[in-house]
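One chain follows as structure tokens, the form predicted on its own.
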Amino acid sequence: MTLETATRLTEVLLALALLQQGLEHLRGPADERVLFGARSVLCLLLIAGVAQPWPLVGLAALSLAILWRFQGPYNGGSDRMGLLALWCLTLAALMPTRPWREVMFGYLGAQLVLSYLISGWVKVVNPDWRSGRALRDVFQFSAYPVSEDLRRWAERPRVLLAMSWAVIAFELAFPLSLLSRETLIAGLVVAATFHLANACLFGLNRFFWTWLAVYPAILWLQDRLF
């Protein structure tokens, strides 16, 4: 995959993810409608490939206004990854030479790998995750499950223990998927399935679309390095 193809795919997928998120604010306060309406227009320009790189520059500048409006990335990890992707794409588009564009875009791919590895490490050193209790608490007490029937999973400790260790093992092993194109594709399929399951079980749909948008970066990085 060429740098141009990978960056273009990431631009389109990220713009679609941002459009989907912006729909939540169409009936919000007036200032939100202005901010996210402007962002939607810029996303459509980005998808159409019009006036590059200015839609990216506009989205990056607008992201600062949105951060100020909500006093930070109000939706946590998915917003942080979206911001990282947006700024890496913007800086890559503005770099005067190809090596610097590769550095900016490659950084995004490296951060994707670290997002899984660090998440796995945080879990494996947490005794609640190693025992399955963390997942049990999520199903039993949190507001995340999209169906009350899912809370019954809290009564299946062995299943939750297996699920906990499956997630930990996958996240810690994800960097090994870079060894070949085949293993990377398999790893990304597993990762996408993991995010899709979180969207279906817990309503965390933003993570699915945002992380999916960054996958071209890791595909390009693996091809560039190996």
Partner chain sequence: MLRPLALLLPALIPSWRFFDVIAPSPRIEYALLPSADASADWREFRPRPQRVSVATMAGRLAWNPRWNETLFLVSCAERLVDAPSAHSENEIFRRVAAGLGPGVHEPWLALRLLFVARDGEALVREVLFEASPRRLSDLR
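Numbering follows the first chain given and starts at 1. Because the structure is predicted, anything quoted here is derived from the model rather than measured.
Beyond the structure shown, there is the form predicted together with the partner chain, which is absent from this document and is the topic of what follows.
Trainee: So which stretch, 158-166, 45-53, 65-73, 180-188, is the one near the partner chain in the predicted complex (non-hydrogen atoms, 4.5 Å)?
Mentor: Checking each option against the 4.5 Å cut-off leaves 65-73.
Trainee: Residue-level question: is Trp100 within 4.5 Å of the partner chain in the predicted complex, judged on heavy atoms?
Mentor: Trp100: no contact with the partner chain in the predicted complex.
Trainee: So, in the predicted complex, is Ala173 in contact with the partner chain at a 4.5 angstroms heavy atom limit?
Mentor: Contact with the partner chain, no.
Trainee: Any chance Arg130 has a heavy atom within 4.5 Å of the partner chain in the predicted complex?
Mentor: Arg130: no contact with the partner chain in the predicted complex.
Trainee: Looking in the predicted complex, any heavy atom of Met95 within 4.5 Å of the partner chain?
Mentor: No, Met95 is distant from the partner.
Trainee: Check for me: heavy atom within 4.5 Å of the partner chain in the predicted complex, for each of Leu9, Thr193 and Leu221, yes or no.
Mentor: Not a single listed residue reaches the partner chain in the predicted complex, so no.
Trainee: Pick out the residues of 98-118 whose heavy atoms come within 4.5 Å of the partner chain in the predicted complex.
Mentor: In sequence order, Tyr107, Gln111, Leu114, Ser115, Ile118 come within 4.5 Å of the partner.
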